[in-house]
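What follows is one chain in structure tokens, specifically the form predicted on its own.
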């Protein structure tokens, strides 16, 4: 069956279109076809689509321009390039930057269906809520781990694998990449999901308090201990304990932590009774963990104990179209929260977002979008609502017109036709981008006899 995948085949060769349709429809896929990029975009105006197979060289709008347009308008869509052997190098180059994959002609059916299976699997992961309990899901900043970059699919698999194993897990990655989100996802998809999920940031406490926070204390064990207190290990019994920034844990505490991980036994500070806790531990760090071990800031035996399985989160700058995917999600969330009618980014804001390095990763992206939504007045987030540091080094892409002479009328008519095609003949938007009145645009369309080509 086709997992309800809706597929669009874009190619100026009707034989290729029909060959692919004949292959896919008997397998249960919903298939539509288009002769070029402009017709393909009109298909998206009519129905939601999941996967696009597109050729590169087509009249009016080719495959690469279509790919770029889809990246901006529909970042959740998977795009696969159809290419002959002569263009493989180009296809590989562009695939690494934007497309999901490429397929060589003549088509290999086995490889084609394996690729579609990958897309279908990714869609299943993506659509499935990683948190099955709605009440718990509300307590987290993000409802889901959002992403369609290939490395994110690997992470989804990894989460499922380690969740069922009940072993210690080490989550690594830069600040803001979503390490806590992964830790909670592991807990809520594991056999311990009915138990407590307890968190502790090792970098947020003075050295003198972390032992009490981990193991608890008895009344009178130190000056401010006015009552007995249970520690995080005791509170997490039967569930999961998440230790964030494990690289900041004081060295002298690590031996005590190692003992608890070995046999589950501990004593409260100032106490003599040995307690036992059945806890699954998940640790996280934004440091180079191997360098931290090398510098002896983490005991080597503790490192091996907490690293029974590991998950590394890539920085946002390496996740390609996930930037816009997450942006659209946050725009929706914060527009709802603030009662704003904001649909997304303006064209220039999109270019700024895609060229920016995002050193603060997903957390920074979320904060930037929230601030922009709060202060935006129209239906789009424009550059004037973005932080100055994002725009400081931004250089707009050069706009290139391919002309056959230096004729001024030719240049003007070519520019108008290009903008009209890019805006799908939305005259209001085209006039805005050309920075002329709509009436002036009407006059120039008539003057140069510019006509919309039928699909």
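Numbering follows the first chain given and starts at 1. Treat the numbers as computed from the prediction; the structure is a model and nothing was measured.
The form predicted together with a small molecule is left out here; the points below concern that form.
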Review point. Though only this chain appears here, would residue 176 touch the small molecule in the model of the complex if you measure heavy atom gaps against 4.5 Å?
Key: yes
Review point. With a 4.5 Å heavy atom cut-off, would you call residue 197 a contact of the small molecule in the model of the complex?
Key: no
Check your understanding: Wondering, does residue 181 line up within 4.5 Å of the small molecule in the model of the complex on heavy atoms?
Key -> yes
Practice item. Give a yes/no on whether residue 330 approaches the small molecule to within 4.5 Å in the model of the complex, heavy atoms considered. Key: yes
**Study point:** Heavy atom contact within 4.5 Å of the small molecule in the model of the complex, the stretch among 362-370, 159-167, 348-356, 259-267
**Key:** 362-370
Check your understanding: Which residue among 277, 286, 254, 189 has a heavy atom within 4.5 angstroms of the small molecule in the model of the complex?
Key -> 286
Check your understanding: Between the options 145, 153, 292, 281, which residue brings a heavy atom to within 4.5 Å of the small molecule in the model of the complex?
Key -> 145
